[in-house]
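Quick heads-up: it's one chain on its own, the form predicted on its own, in structure tokens.
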């Protein structure tokens, strides 16, 4: 490709490649980690990009270094390099300031002199009239946190689907209000662990900082309290109460959409007060700030100040770990093949996964039947019969390996045994046919292969299905299992 002198066009070309490699199933990762990046300059085949924080830079280097390195070299050639310009957090507001920011090379350390970069204005500059209830000398009342002890970090299973959110949450618990993650917005679909994680962060904060006042409240509860305060003419007391909180957790803020205008206004002023005093704000929602329709624009802008961390549907390894954790907590033993079958069959969210497990244990207890794979299959078929099963690469690998009586992890191995190579090729073939995943994603999940290997596997399977009757029978029988 011809190298563009315009650094913005170069970065736009990089983004196209990165987005294709991540695939549609990782669209949230692309939005979280690559859309906020701003290209700064291009000089001597070195592209400088600006990232929001040190944590952001470290996450890119840890999780996407190889992808970035390959992409930069594809666009800029073998000499292409990537440098970072990292914005630092500052409490100075109200006027432009200059901060000195070191830059580092993508994938390696480079000794470059720090660059002077103007800090953006307007962040944190809102002013709220002094509340007489918040003047020094007013004694804090004891606040019941409303946190649930069962929702702790110890029983929150970490996986690729929630690693960012959990890591950021732990950092917030260690240093509430002093990190760049204020507010911390946890967003994701139903049953993915937002409430659990928000509670866990609150509990861990109290463990690290017993002197701090932590409060968990649902958006509905907050709205009802505000309405009651309005009826009783105690709005000032209501606002003062929330302005005393050191760590405020508001759950499911999306319920304020298209209603509760006065509640949103009250929260807006409370938010500003807490943020200016470096008190921590944690919010959960079913959508990212840019997708929250129906909330006040100025409130949405505040939600974008910190970190938006999404929780995605757990992958099969995480689902297995969640089931094991729940069984361990309940003191119950269950055959691994049953756990694995449930994990591969229920791939929507954690709540349905645990619901399937509870249903199976109830069937076993009430009917006095031993928990076996056959019983699990009967129960799961009833559990999911009214919902369309989402076919994933993990599920495809499981079906193919079960058909050939191979362990699932054999597809990830480097062995060149004929039967395993054949199973791997079939898994790639069906993944391309039955999912929307990119070739790069399929290859990565099938033994860390590249997209060219996936294409070759698909052509090989198609050719053998036409020329070899036995192989065609394999393909047809496996395909039937996806339709059952």
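If you're wondering where the values come from, they're calculated on a predicted model, not measured in any experiment. Numbering follows the first chain given and starts at 1.
What comes next is about the form predicted in complex with a small molecule, which is not displayed.
message: Please determine whether residue 275 contacts the small molecule in the model of the complex, using a 4.5 Å cut-off between heavy atoms.
response: Contact with the small molecule, no.
query: With the cut-off set at 4.5 Å between non-hydrogen atoms, does residue 156 touch the small molecule in the model of the complex?
result: Residue 156: contacts the small molecule in the model of the complex.
query: Do residue 326 and the small molecule share at least one heavy atom pair within 4.5 Å in the model of the complex?
result: Looking in the model of the complex, residue contacts with the small molecule include residue 326, since a heavy atom lies within 4.5 Å.
- prompt: Within a 4.5 Å heavy atom cut-off, is residue 354 in contact with the small molecule in the model of the complex?
  reply: Answer yes; at least one heavy atom of residue 354 falls within 4.5 Å of the small molecule in the model of the complex.
Partner-proximal stretch of 237-245, 332-340, 317-325, 300-308 relative to the small molecule in the model of the complex, 4.5 angstroms, heavy atom: Among the candidates, contact is made by 317-325.
field: Single option in 195, 167, 348, 410 placed near the small molecule in the model of the complex, where near means a heavy atom within 4.5 Å
entry: Checked against the cut-off, the match is 195.
Selected contact from 268, 151, 255, 404, since only one has a non-hydrogen atom within 4.5 angstroms of the small molecule in the model of the complex: None of the other options qualify; the answer is 151.
query: Between residue 436 and residue 286, do the C-alpha atoms lie closer or farther in the model of the complex than in the shown form, with a difference of 3 angstroms or more?
result: Relative to the shown form, the pair is closer.
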